[in-house]
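In structure tokens, one chain follows: the form predicted alone.
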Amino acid sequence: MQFGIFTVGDVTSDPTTGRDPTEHERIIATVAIAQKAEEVGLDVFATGEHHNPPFVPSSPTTLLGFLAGRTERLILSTSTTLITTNDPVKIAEDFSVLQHLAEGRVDIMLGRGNTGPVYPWFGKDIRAAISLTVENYELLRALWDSEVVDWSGKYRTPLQGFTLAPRPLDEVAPFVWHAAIRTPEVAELAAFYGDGFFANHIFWPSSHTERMVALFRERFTHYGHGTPEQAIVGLGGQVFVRPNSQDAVREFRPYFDNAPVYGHGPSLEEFTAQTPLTVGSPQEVIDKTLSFRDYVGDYQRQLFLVDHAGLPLKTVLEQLDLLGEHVIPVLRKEFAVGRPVDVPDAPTHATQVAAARRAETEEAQS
């Protein structure tokens, strides 16, 4: 079981001080947060991709490349890379280079994005979002898996005799997660290719996430990749933790009430009751996170959002200390209890390389 954090990279005023961080401060703070994640024992850091204020991560691979040189163990990922508006050739190139720089500590989460104006900015039509997702991923997969690619499609210039440079490290592409909040077609795409499915259910009730993950598991088996329990699943979530729940609620409330992503709507108590948001003590975070398994089954990756809504860097780093010392060790232990032996761990570069070599050996012997 992998645990980590993801950021959307918002530049938001601190409602308790009225102070606006600069874009530079936010980017530098994000580096500090990722390094702290590794220091406290988390497994994954993932950055979003946005091309409009108030967000700063318009170039995720630039940030992740810098972090590759500042970390040693952390898996570097995205949350998400826009498969609709980015050129699949450039995605393949950027992540191949990143994979080499990070010695394989890289995977990628693909998504459609939820900012409508991005589509025309990059010459795309939002009405084609689903078909763009499918076609662009087909090409991305071909670029990584085939040395020479001849390709034509509806949305991009054809390729003839194209070879990706550099080739993926060890000839094994980064593992791919397909992220969805509400789109069954994305679960279908992930299942078709036997990739991972990431349900970012931070805005949704558990019943919705349960249906999405169940669909993915069913279709994963339909396409012959294994049993439903062997499908690779990740979940999003968000937490604010203090040693006792009263302090957590009191301190987080002004940030929640003014958050651009979910403030000015349901109350903190309503949102906490209806979604994965956990504001409380370490034990409350543990209990709620463990409850996710009740409706999605054993899964492989849990990412938390901890640095949004104007929370100052000092507070974010304190959250990571509490997660690393009091929450994650318990979750690792508890999630291992009763986990069937045939439920796989989250793929890493090392396990993917080993699987590829086994497949090559079996093919040679057949």
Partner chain sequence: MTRLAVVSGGLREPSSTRLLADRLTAGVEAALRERPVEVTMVDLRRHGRAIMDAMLTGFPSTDLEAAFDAVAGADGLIAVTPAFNASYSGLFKSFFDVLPEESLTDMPVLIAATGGTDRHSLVLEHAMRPMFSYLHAIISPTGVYAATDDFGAWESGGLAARIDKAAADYVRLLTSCGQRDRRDVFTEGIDAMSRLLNGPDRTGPAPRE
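Numbering follows the first chain given and starts at 1. All figures in this text were calculated on a predicted structure; none of them were measured in a lab.
What comes next is about the form predicted together with its partner chain, which does not appear here.
Q) Pick from 255, 162, 204, 292: which residue has any heavy atom within 4.5 angstroms of its partner chain in the model of the complex? A) In short, 204.
Q.
Please tell me which of 261, 126, 148, 97 lies within 4.5 Å of its partner chain in the model of the complex, judged by heavy atoms.
A. Only one listed residue qualifies here, and that residue is 261.
Q. With the partner removed from view, which of 277 to 285, 238 to 246, 82 to 90, 183 to 191 is the stretch that lies within 4.5 Å of its partner chain in the model of the complex, judged by heavy atom distances?
A. Of the options, only 183 to 191 has residues within 4.5 Å of the partner.
Q: Check, residue by residue, if 131, 138 and 212 all come within 4.5 Å of its partner chain in the model of the complex, counting heavy atoms only.
A: Verified in the model of the complex; spot residues all in contact, yes.
Q. If you check in the model of the complex, is residue 223 within 4.5 Å of its partner chain, heavy atoms only?
A. Looking in the model of the complex, residue contacts with its partner chain include residue 223, since a heavy atom lies within 4.5 Å.
Q. Do residue 271 and its partner chain share at least one heavy atom pair within 4.5 Å in the model of the complex?
A. Contact with its partner chain, yes.
Q.
Please determine whether residue 107 contacts its partner chain in the model of the complex, using a 4.5 Å cut-off between heavy atoms.
A. Contact check for residue 107: no, nothing within 4.5 Å of its partner chain in the model of the complex.
Q. Might residue 266 be said to contact its partner chain in the model of the complex, defining contact as any heavy atom within 4.5 Å?
A. Yes, residue 266 is a contact residue.
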